[in-house]
Each structure stands twice: as C-alpha cells, then as structure tokens.
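Taking the form predicted alone, here's one chain by itself in structure tokens.
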C-alpha cells in the first residue's frame, strides 16, 4: 500500500467514524444475530449437557445454603458487609443508583473522544468496579460452605429406586420388606404391636399419594408411628417422602404400571445350579430385608452391619461365626431359616430369627444357601466362573447332627 492509498484509507475511515453507525437497522441487526447465536448455544447446552437438578424447595430443610447464580455472587458477598437493618441499602439503593448512573451516562459524558487511553477517568472507575466485582465473587466462592450433595431423581425409575432404598432403611422394621406388616419385634416402645398391611388393595386403592405422604410426614402417634418429615423432627425431606410414596404406588398398586423405560429388573426366580453374586442378587436381598436393622446407629444388632460386602464379612460381635464359606451352620444362614442361636450353657436365645417378623421368601433363602456353599462370590464374574462347578453337598446342620429329633425352636422377641 503506497502513501496515496494510505491517505485515502485514513480519509475514508475518518469520514466513516464521524458519520457513525446507525442504530437502526445496523446495530439492531448485529444484536439480533448475536442474540440468536447465544440462544442456539444455550439450547444446545441444555439439550446435550444439561444442568444438575436440585431438590424441591423445602422450608423445613435448615441444611440448605441459599446461593444465587454466579453472576450475582459479588452482590451476595457485598451484603455480608452491611448490617442487617441496612440490608435495603445494599439490595435496593446502591444497585439502583448504579443503574440510574448508567442510564444517564449519555447526558453527562458527551466527550467525542473514544480512544481508551484518553479516557483515563472512565477507564479507572470501571476498572475499580470490575476488580471489586471479581474480588467479591472469588471471596464468595471461597467463604461459602459447600452444600451437602443430595440425590435428585430425574425420572420415574430413579425416583422409585430412591424410594426403595429409603423404604428399606426407615420402614422395613415395622412394615416388613413387602409392606405386609405383622407383629413388631425389636423396636423399642412397639414390642408386640401388630401392624396392618400397607401393601393391600384396601390401603393402596383408598389412599391417595397426598395421604400417604401426609402419613409419612406427620406420623400417626396414636398408632405408634413417629413423624418422618424434617419439619416435625424426622430425617426425611419432602422429595424423599415423595420418592417413598412413588415406590409404594408403583410396587403395590396393581392398577399402576411403570413406563416401559422405568421398569426395574426383578430378581430372577431360583433355579438349581444358579450361583448368585453379592453384587447383584445378595445385595438386593439384604437391602430389602436386613439393612433396616443392620446399619450404623441401630441397637440390638450385635454390631453387625450389612451395608457392603466387606461389612457383611468383617463386622459384628460374632464375626468369626456370622458367615463361613461353605458352612450352613453360619449364624446368618441359621437365623434366616428360622433357627435362633442359643447359648450352649443356659439355652437362652442369643440371636433371634431374621427378619424378626417374617422369614424371607423361599427363593431368597435358597439364593443365600447357594451363595454360601459357593464361597460367597462378590462379583457377577466370580459367580459365573463357578456356574460349571457342581454345588457341594450341604454340611449337616446342628439340628440334623443330633441323634434325638430336634424340637421346633421357640422364637422370642429381642429385649
């Protein structure tokens, strides 16, 4: 480019700069294009990346830490420096004055100079504001405690699975794994109380989801059921109670069917030669029938925890006898088949049958038996490797080994 071309270009640039760019339609057109591009980006992010769901708003949940979106964190942090009685100044007056100042900017800043180096006052003021916003945002992230992670069901299937887990922990002890009810044993204050079935048609047909949620939330003190809602001293949030209700409805109400994509695989029926694994079959049986009592914080379980494969094998006051590979005299197998463990000296019951109110389904007991006889494989791969191996002949139980016929054991409630 020669000198004449440079001069011509500078002259044209200066004229264009003096003339400016029309707001309509040029600037509007550019803004529309950019807005549409950002809209497409947001739709793509929402569709292919998604956002994590949070639990429903629950005023009774005092563990929730309110926090605005990241672009308001600086204001959130700024309010910490303002006394409570003057909070309105920080939330209304100061932001309001800043917005008004921006609106009035064309009226009090009429300088024709646009080059940033010649606008030192404006650049300095804006620089201080931006640095303050960045600093307050960083401080807000660093000083605000992390909120406890919660699992939020994003589909019917996830809600039912979550409800099953919660039911297993909080409800099985009294209502049974299948909601069948029965006489309560081992629950302080409710010994000997008979609980009606909550999985019958009479219950599921006549009670709405709102009623079931209200019963769980408020409890039924006259019938011995404590409240489980956070607002009334219980451990469950509103979303968790809704998950339990969804589990009950989709599991026990024969008028309702899960959507095809939400169907949960059930345990296979027992077949001879099948070797179950802890990973799939045994863990689900334990979760549904045993974990309600054998979990941290529960009394009268001989410190035996059943939350994981390792806990099942390594915890409890009778850890050396609870589960022994290949031995059906193990305490766990004896108690789930209805044979309490007796003190050899006094004949007193040391460990009652498990579960206390009703024995597990026969198929579940057979799976436990096959699992023990095959050295208690943990993973599906380990179990499949044992499939071709013939199941060993069960060792005679203590009762079978005695010469005199064994009498039917008497089951007494735990004290």
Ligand code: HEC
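Since the structure is predicted, the reported quantities are computational estimates derived from the model, not experimental observations. Residue numbers count along the first chain shown, from 1.
Just so you know, the form predicted in complex with this ligand exists too; it's not on screen, but the next bit is about it.
**Student:** Counting any non-hydrogen atom inside 4.5 Å, which residue from 207, 284, 238, 249 sits next to this ligand in the model of the complex?
**Tutor:** Looking at 207, 284, 238, 249 one by one, just 207 meets the 4.5 Å heavy-atom criterion.
**Student:** Among 161, 140, 198, 230, which has any heavy atom within 4.5 Å of this ligand in the model of the complex?
**Tutor:** After the contact test, the surviving option is 198.
**Student:** Taking 244, 304 and 356 as the candidate spot, are all three within 4.5 angstroms of this ligand in the model of the complex by heavy atoms?
**Tutor:** Yes, the whole candidate spot contacts this ligand.
**Student:** Tell me, please, which stretch of 72-80, 92-100, 295-303, 269-277 lies within 4.5 angstroms of this ligand in the model of the complex when heavy atoms are compared?
**Tutor:** Result for this chain: 295-303.
**Student:** Under a 4.5 Å heavy atom criterion, is residue 111 part of the interface with this ligand in the model of the complex?
**Tutor:** Close contact is absent here: in the model of the complex, residue 111 is far from this ligand, nothing within 4.5 Å, heavy atoms only.
**Student:** Is there a non-hydrogen atom of residue 203 within 4.5 angstroms of a non-hydrogen atom of this ligand in the model of the complex?
**Tutor:** Answer yes; at least one heavy atom of residue 203 falls within 4.5 Å of this ligand in the model of the complex.
**Student:** Answer for residue 144 alone: is it within 4.5 Å of this ligand in the model of the complex, judged on heavy atom distances?
**Tutor:** No, residue 144 sits far enough from this ligand in the model of the complex that none of its heavy atoms falls within 4.5 Å.
**Student:** Does any part of residue 309 reach within 4.5 Å of this ligand in the model of the complex? Heavy atoms only, please.
**Tutor:** Although this ligand is absent here, residue 309 would stay clear of it in the model of the complex, with no heavy atoms inside 4.5 Å.
**Student:** Suppose contact means any heavy atom within 4.5 Å; which members of 48-75 contact this ligand in the model of the complex?
**Tutor:** Residues within 4.5 Å: none.
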